[in-house]
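To begin, one chain is listed below as structure tokens, in the form predicted on its own.
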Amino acid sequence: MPKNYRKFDKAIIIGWNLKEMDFLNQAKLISLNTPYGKVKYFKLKDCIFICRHGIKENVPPHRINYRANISALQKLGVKYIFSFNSVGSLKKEIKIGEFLIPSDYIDFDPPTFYEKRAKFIIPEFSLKLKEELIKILKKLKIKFKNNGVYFQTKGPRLETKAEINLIKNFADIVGMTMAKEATLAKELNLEYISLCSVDNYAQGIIKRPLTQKEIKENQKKSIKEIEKIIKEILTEDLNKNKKRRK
């Protein structure tokens, strides 16, 4: 790994255009080649930013090059990944506008870096990053739930009522991106945590029909809170040594 890559300890992966966040307008856009394709990323201070749906937000979930994105972060020396994901609620008590830190996930079509040999991992989130995220959310007085199961669907279409009626018995939120990132990050021994913004109820959870317009409007509202959270993440020193308890 080139020496000048080692300064990038943290990465943030989001599904929205970074230019919507004022403090990131000056972030520098860079391209990096990986064995899985080219990745465009922004850098600001010691942090890397990746827009999973592309700089122009024109890459649908099933076309995202997850392996390129995660391998690029490893190549850049990243150790810690904070991911922000828009999700649908599978439970009436998980309301629109809330945040949830998933504790587990279901993905029956997981990607892998190991197509030609067997390598087994135990999928899990980083407890260290979860603690950091909880600390930030409490500091900002942002309400959140710190447990829940994420169900990964393929996209790009939304789920049918029948599909939601099935998966709501096994999960709390549904999305199209997070689980694949988490699995690949674990394969490369990168610490990964996600904060999910609940931007809609899934089809059939409530009587009101679901629309793409509603989802977009709710995403814009959640971005304001996410911007505050990202600012805090940028100030955190994740490599600092904690004092031992006596």
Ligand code: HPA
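When you see a residue number, it is the position in the sequence shown, counting from 1. All of these numbers come straight from a predicted model, not from anything done at the bench.
Absent from the display: the form predicted together with the ligand. The rest refers to it.
- With the partner omitted here, the stretch from 138-146, 79-87, 125-133, 112-120 that lies within 4.5 Å of the ligand by heavy atoms in the predicted complex is 79-87.
- By the 4.5 Å heavy atom rule, the three marked residues 153, 158 and 176 all count as contacting the ligand in the predicted complex.
- For the chain shown alone, residue 44 is not a contact residue for the ligand in the predicted complex, no non-hydrogen atom being within 4.5 angstroms.
- Taking the partner from elsewhere, residue 39 is found to have every heavy atom lying beyond 4.5 Å of the ligand in the predicted complex.
- The closest heavy atom approach of residue 202 to the ligand in the predicted complex falls within 4.5 Å.
- The ligand is not drawn, but in the predicted complex it has a heavy atom within 4.5 Å of residue 215.
- Residues of 48-68 that come within 4.5 Å of the ligand in the predicted complex, judged by any heavy atom, do not exist; none qualify.
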